[in-house]
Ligand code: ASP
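In structure tokens, the next block holds one chain alone, the form predicted alone.
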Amino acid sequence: MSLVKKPFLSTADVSKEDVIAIFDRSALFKKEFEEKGRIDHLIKPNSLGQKVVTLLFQEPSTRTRTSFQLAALRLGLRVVLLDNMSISSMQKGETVGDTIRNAAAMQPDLLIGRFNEDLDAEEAIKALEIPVINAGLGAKEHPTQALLDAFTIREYRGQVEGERVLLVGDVLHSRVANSNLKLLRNLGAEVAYCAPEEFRPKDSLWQDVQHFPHRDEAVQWASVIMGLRIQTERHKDERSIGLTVANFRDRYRIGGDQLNHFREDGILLHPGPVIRGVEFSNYVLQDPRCHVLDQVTNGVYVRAALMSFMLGIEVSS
């Protein structure tokens, strides 16, 4: 495992072999928890010690923060959580980068951080001597979300290789889309996206990725549809992007009409939070092909597996 005591900042940091190992351990954790209600019994004696994980979350988070915390506790790790920056020294003028440096100076065994785009913060993270996990960096990457998305695809489609994964929505501002593109392609999936011109990505990573301008054609192409939230917090206002939420909903929302043209064995995913009626209709969220909550469940096991590898924790098979 190449990630032992190494940083995990991008899905480009992991090999295909590492991903398969993470998925196999995630599946083991999930099976054991469903059968016995615990996974800590799989940890080999003296492998855990007194390892401590620090979570630093500058940006709001429900699923990522809570699942990391739950995963750490299920493993038997100790957790220090700072997710309210209003009680941190950032309120006194400390920079994000210096907050990271000070947290790392306390020598936790693993640092997990979510931050808005900040060059000093990025430099601080890259220079850390302790392992660090990127839990969402601005609009750049969200690698653990991509891991759990691919794991969910494998679970409900049987494989990732050869799948046709369609991303629908605000691809331009989505760190999830960037991480998924890299990982899914590495695992042999085809990736395409459906987005209005205002939300089409501009960087070279996406230059050769198929774009569907029309929703219905895209739905018929896909075996996996992943909705993406409109990242309004990264837009100055609707005028600056030239597109209203209502315009987007009318042309790109996945609803019952689209499901009529979607394959019976296909699956629907969303990294959350889902804005009901905008990316997916209520009807879609109740369809048996929709696995949004299964993604959330899987996030705990995938993040537990990743942390166990990065910390060098030995697990019984």
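Note that residue numbering begins at 1 and tracks the sequence as displayed. Given the structure is predicted, the values throughout are model-derived calculations rather than measurements.
Quick note: we don't show the form predicted in complex with this ligand, though the next part is all about it.
- Proximity to this ligand in the predicted complex, taken as heavy atoms within 4.5 Å, picks out 169 to 177 from the listed stretches 200 to 208, 78 to 86, 169 to 177, 186 to 194.
- In the predicted complex, this ligand sits within 4.5 Å of a heavy atom of R229.
- Mapping the unseen interface onto this chain, G272 counts among the residues with a heavy atom inside 4.5 Å of this ligand in the predicted complex.
- Though the partner is left out of this view, R114 does reach within 4.5 Å of this ligand in the predicted complex, counting heavy atoms only.
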